[in-house]
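Just the one chain here, the form predicted on its own, laid out as structure tokens.
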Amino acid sequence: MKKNLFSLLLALGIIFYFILTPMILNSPILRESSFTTLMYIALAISLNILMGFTGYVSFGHVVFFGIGGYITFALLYYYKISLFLALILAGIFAALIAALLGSVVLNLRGAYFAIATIGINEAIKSLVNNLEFLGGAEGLFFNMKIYKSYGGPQNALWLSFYLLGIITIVVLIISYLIKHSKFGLGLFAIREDEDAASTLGVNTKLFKTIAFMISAFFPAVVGGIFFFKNGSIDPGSAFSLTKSVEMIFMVMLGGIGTILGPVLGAITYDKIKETLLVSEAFKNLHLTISGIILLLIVLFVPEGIIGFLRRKIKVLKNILD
């Protein structure tokens, strides 16, 4: 239990660092930088619940980020309801969509599942592109008056940051609780050998569907916060496959199926991307370089940062998870 608790507390400490530093220093620049990092962490953890615990690799997981963004944006844009209620409704709607989609795509395995998730994302992106009430290809834009209820645009930026910090903490704790529960054991059994798990009495279809729903809820909420903060949304930014690839990269870089891994993977990827984007030589090649790094990880360090540290530093072997 000490091992499990150490990783959780360390991950929480890292997240609190990114939340508290901009608050203490009252720095908008640090707030924006930390917002991106926290968003990556939350997305990586949410994908890890599906990919890390069940072994199902979703290349279209950004679809829930986009769905959550559009549901939240539309509810605020047309009905002026509370942001908090809109985020919850967006998360629930995304989870229900995941349950519906899961009844079909979770019967697929391996590359077939991955390809199906890409197809779903592109299909929904095309659908939104042709829905006039969602702004079509141009998307929707907030009138600045909408932020009056939240103390004005500047206060809304801080509110978005606080909400993202809270949801990041929540998804981390839920991930921890799932992993160290009977439900989590069932998910790991599915990952190791789904047929054997079914033979041993695990309701594989139900377990996979629940994991899919949970992993869909949080990206939807994060998407709602992100586009509320931005004040605009369009299909290209809401359903970008690049973000799905980034999520997979972060999970694998940190350590698939671990608690601390997605946190470290997200921070590392954020720093790599930040460094490459400010470089004249590499600013347009950050995805290519990330792909090369991912290939090297798969070939030489499949257990990610966490596994590498456990293998190389003996004292960490029994405390990192």
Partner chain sequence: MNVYIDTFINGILIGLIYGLAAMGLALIWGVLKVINLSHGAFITLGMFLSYLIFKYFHIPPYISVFFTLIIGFILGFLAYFISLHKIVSHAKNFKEYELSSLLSTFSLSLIITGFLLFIFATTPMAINLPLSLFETKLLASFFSIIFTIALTLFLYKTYMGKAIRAVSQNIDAAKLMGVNTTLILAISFAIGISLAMAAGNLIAMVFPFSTLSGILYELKSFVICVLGGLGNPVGTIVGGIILGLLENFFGLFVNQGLVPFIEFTILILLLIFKPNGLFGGSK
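These numbers were taken from a predicted model, which means no experiment stands behind them. Positions refer to the first chain, counted from 1. Think of the rigid core as the biggest set of C-alphas that the two forms share within 1.5 Å after superposition.
Keep in mind the form predicted together with its partner chain is missing from the figure; the text below concerns it.
K.L.:
With its partner chain left out of view, which of F84, Y112, F133, Y78 would have a heavy atom within 4.5 Å of it in the model of the complex?
P.N.:
Exactly one listed residue reaches within 4.5 Å, namely Y112.
K.L.:
Which residue, I88, L108, L157, V170, is the contact with its partner chain in the model of the complex, using a 4.5 Å heavy atom cutoff?
P.N.:
Among I88, L108, L157, V170, a heavy atom within 4.5 Å of its partner chain in the model of the complex occurs only for L108.
K.L.:
Looking in the model of the complex, is its partner chain within 4.5 Å of a heavy atom from each of L241, N284 and L295?
P.N.:
Yes, the whole trio is in contact, each within 4.5 Å by some heavy atom.
K.L.:
Do I248 and its partner chain come within 4.5 Å of each other in the model of the complex, heavy atoms counted?
P.N.:
Output for I248 is yes: heavy atoms within 4.5 Å of its partner chain.
K.L.:
Using the partner position in the model of the complex, report whether V63 sits within 4.5 Å of its partner chain, counting heavy atoms only.
P.N.:
No, V63 is distant from the partner.
K.L.:
Report yes if any heavy atom of L299 sits within 4.5 Å of a heavy atom of its partner chain in the model of the complex; otherwise report no.
P.N.:
L299 belongs to the contact set for its partner chain.
K.L.:
Whether S149 contacts its partner chain in the model of the complex should be assessed with a 4.5 Å heavy atom distance threshold; does it?
P.N.:
Contact check for S149: no, nothing within 4.5 Å of its partner chain in the model of the complex.
K.L.:
Within 4.5 Å, heavy atoms only, one stretch in 53-61, 38-46, 259-267, 66-74 touches its partner chain in the model of the complex. Which?
P.N.:
Stretch with heavy atoms near the partner: 53-61.
K.L.:
Could you run down 172-192 and flag each residue that has a heavy atom within 4.5 Å of its partner chain in the model of the complex?
P.N.:
Heavy-atom contacts to its partner chain in the model of the complex: I190, R191.
K.L.:
With the core lined up, does the C-alpha of I293 move 2 Å or more between the shown form and the other one?
P.N.:
True for I293: a C-alpha shift of 2 Å or more.
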